[in-house]
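Below: one protein chain in two forms, given as C-alpha cells, structure 1 then structure 2.
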Structure 1
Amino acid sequence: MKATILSIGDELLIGQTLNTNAHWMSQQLTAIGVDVLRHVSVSDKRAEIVGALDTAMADTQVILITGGLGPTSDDITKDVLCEYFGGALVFNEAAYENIRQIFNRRNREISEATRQVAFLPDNCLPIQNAFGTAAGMLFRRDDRVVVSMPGVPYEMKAMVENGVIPYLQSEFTLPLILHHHFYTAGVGETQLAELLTDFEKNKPADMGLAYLPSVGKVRLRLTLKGQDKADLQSRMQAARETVYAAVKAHVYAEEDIPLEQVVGRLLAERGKTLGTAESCTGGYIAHLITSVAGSSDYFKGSIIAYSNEIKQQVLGVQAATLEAHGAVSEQTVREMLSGALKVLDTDVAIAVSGVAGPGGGSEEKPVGTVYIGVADAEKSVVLRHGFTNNRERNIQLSGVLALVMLKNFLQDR
C-alpha cells in the first residue's frame, strides 16, 4: 500500500514554514506498513492542488493532505476537494457544535467567516478536530483514501492518531511490521554503536537497526517485517534481549514516553518530592517536569536564581562562595542544592549553574561549561560538563542531563 503526503501552503514554498507535518506523517504511515512514495508541497492554487491530486491518485492509495482549511480567503483546499470529488458543501451540525464550544470557552462571538468553516462536503466522512475549528475530511474513491487535515501540527496529529490510522487499519490488510525501541539519554550515537558492534555483526540480514539522535538522546529502533506474527515476535524478543544487555545502562524507556515522565514515575513510586534551583537553564528543567500531567503529585516548585542576589537572598548561597569560586562552580551548585532542599522543603533537588552563552565565557570556564547537581538530605552529586557554544542547545542538553542524573540518583537510593 503506497501513500502520497501532500502539503498545501505558500508558506512552505517561500521557506517560511518548515514542513514538519510530512516528516511526522511519514513516521506514522511507515509504522503501520504503508510505504510513503512521495512528499509533495504545492501552493494554495486550485490548478496546483488538482494537478498534485491527479498524480497522487494515479499511483498511490493513501493521500494525506494538510493545509488550506482556515477561514481566510487564501484557504481553498475544502472547495477544491469538494469539487474534485463531486460533492456539495452542506452545513454540518457536529462541526458547528465543536466551533461553538471552542468560542464559548474563549467567550467570543462566532463570525460569519468562522461559521463557513462548519460547511463540509456531503460526500466526505468528517473527522472531528479536538483542538481547532476546521474539521478533517476523509474521501473514498474505489480503493483510495484521501484525507484533508489542517496544517496546524497538533490539530493534524490528533486526527491522524485517532481518525486516520484506525481507519486505515480497519479498512485494509497491512503488512506486519514489528518495531522495538530503546530510548537512551546521556550517551552518544558512536558510543552506542561501539556497544552494539557484535550485535550488528551477527544480526539477521532482514533485521533493521537504526540510530535516531536528538539533543542529548538517541532512539534505537529494531525493525522486522513479514507475515508470521509469532515468528517475528520471538525473533524480535531475542534481539531485544541482546541489545538491552549491551546498552541497558543508558536506556530510560522502551516505550515512547518522555524522560521527564520516567523520572516523574520514579519520584511517585518512591513518594519523593522534587524541586529545582536553576541559573543558566532559566526554568527549562521545571518546564520539562511540569509538562507531564499529574506532576503536581511530586513536583513542588523551583527557585530560578538567574541573578546572584536571588542565589544569595532566596537560596542562601554565601557571598564568600560566589566571591571565591564564582556563580558557575561546584561549590555554588552545592549551596544551591541545600538551599533548594530547605526553601522548597523537598526530598530531592536539582541545581544547575553554567555559561549558556554566547557571552560570559572565560579561559577557565568557556561557554558551554555547566555544573549540574542532584541531592537529597544525605547525599549530593555535582558534575561538570563542557557543551557547545550554542545557547539553545546548551540549555536543552543541561535539562536532559539533569534528568538523567536524577534518574540514576533515584535508582541508586
Structure 2
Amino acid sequence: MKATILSIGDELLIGQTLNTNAHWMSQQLTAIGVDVLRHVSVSDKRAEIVGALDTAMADTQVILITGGLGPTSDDITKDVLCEYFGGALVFNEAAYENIRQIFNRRNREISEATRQVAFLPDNCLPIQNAFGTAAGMLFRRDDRVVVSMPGVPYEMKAMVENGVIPYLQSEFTLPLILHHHFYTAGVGETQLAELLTDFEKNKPADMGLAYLPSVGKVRLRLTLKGQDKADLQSRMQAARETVYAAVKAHVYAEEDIPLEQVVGRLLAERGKTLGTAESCTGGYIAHLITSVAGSSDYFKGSIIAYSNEIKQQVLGVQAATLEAHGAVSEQTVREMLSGALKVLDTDVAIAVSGVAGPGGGSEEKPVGTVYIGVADAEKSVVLRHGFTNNRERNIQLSGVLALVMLKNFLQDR
C-alpha cells in the first residue's frame, strides 16, 4: 500500500512555515507498513488542490491532507473535497457540540464564521478533533482513502494516532514491518558503504539498507517486510549481527539516543568527571553535554578560552607556546587540556581550538582546521581535523568529533 502526503498552504511554499507534519506522518505510516510515495505541497488554490488529488488518486491508496480547514476565506480544502467527492455540506451536530464546548471553556461567543466550520460533507466520515474546532474528514472511493486534517500539528497528530491509523489497520491487511537502526559517528557514508560491500552483495532482495547522514553522523536502517513475525525477527537478527560486525568500531548506539547521552552514561558508569576548555566552539561541546538530564552528576564546567589572554591567564597556556605554534596547534591544545584538568579539577577534559571561519585561515592552517584533544591525568590524545568552509558546520563537526574521541578514550581505559 502506497501513500501521498499532501500539505496545503501558501505559508509552506514561501518558506514561512516548516513542514514538520509531513515528516511525522511519514514515520507513522511507515511504522504500519504503508510506503510513502511522495510529499506534495500546494497553494490554497482550487486548481492546485484538485490537480494534486488527481495525481495522488492515480497511484496511491492513502492520501493524507493537512491544512485549509479553518474559518477564513482562504481555507477552501473542505469545499474542494466536498465537490471532488460529489457530496453536499450539511450541519454536523457532533462537530458543532465540540466547537461549543471549546468556546464555553474560553468564555467566548461562537461567530457565524466559526459556526460554518461545523458544516461537513455528507459523504465523509468525520474525525473528532480533540484539541481544536475543525473536524477531520475521511473519504473512501473504492480502495482509496483520503483523509483531510487541520494543519496544527498537535491537532493532526491526535487524529492520526486515534483515528487514521486504527482505521487503516482495521480496513486493510497491512504487512508487518521491522526496522533496526545503527547510529554511527565520526565516519562518512562512503566509508560505511565500503565496509558493508559484502553485506550489500549478499543481503536478501527484500531487505532494505538505508544510509541516513547528518552532520558528523550516519544512521543505518535495516528494513524487512512480511507477514510471518517470527521469520522476520530471525532474519533481522542475522542481518543485524553481520552489519554490526562490519561497522562496530563506529557504532555508538542501536537505539535512538543522542551521542552526548551515550558519553554521559560512560562517564557515570566509570565514576568520572568531565570539563571542557573551548575556543572555536564557544561552549557548544558543553551545551551538548549539559543538554542531557542528570549531566550535573559528571560534568563540572567549561572554560571558554576564546582569546589568547584567557588561554594564558586561566588555563596556563605558555606565551612561548602561542608564539611558536599559534593558538590553533597541537601544542596549545595539550596545554589547554592540562589547564582544564587542573582548574576544573576533573578526571577527564576535552579541549578544542581551531579556525571556524569564514575568515582567519592561512595557507598552513586554512579555515576548517581544528585540533581536538581528550586527556586524563595519565594520557592525552590530540588530533588535527580539516573540516569545511562553513562556520556553523565546523562548530557542529567539532562537537561531534570531540564526543566521539571522548567515547573512544573512555572505552579504552
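Model, not experiment: these values are computed from the prediction. Along the sequence of structure 1, residues get numbers from 1 upward. So that the term is clear: the rigid core is the largest set of C-alpha atoms that superpose within 1.5 Å between two forms.
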Since only one of the two is the form predicted together with another copy of the chain, can you say which one? 1
May I ask which of 141, 176, 330, 130 lies at the hinge separating the two rigid parts between structure 1 and structure 2? 176
Through what angle, in whole degrees, does the smaller rigid part rotate relative to the larger one between structure 1 and structure 2? 36
Can you give the C-alpha shift of residue 112 between structure 1 and structure 2 in Å, rounded to one decimal, after superposing the rigid core? 18.5
Core-fitted comparison between structure 1 and structure 2 - CA shift at residue 39, Å: 3.9
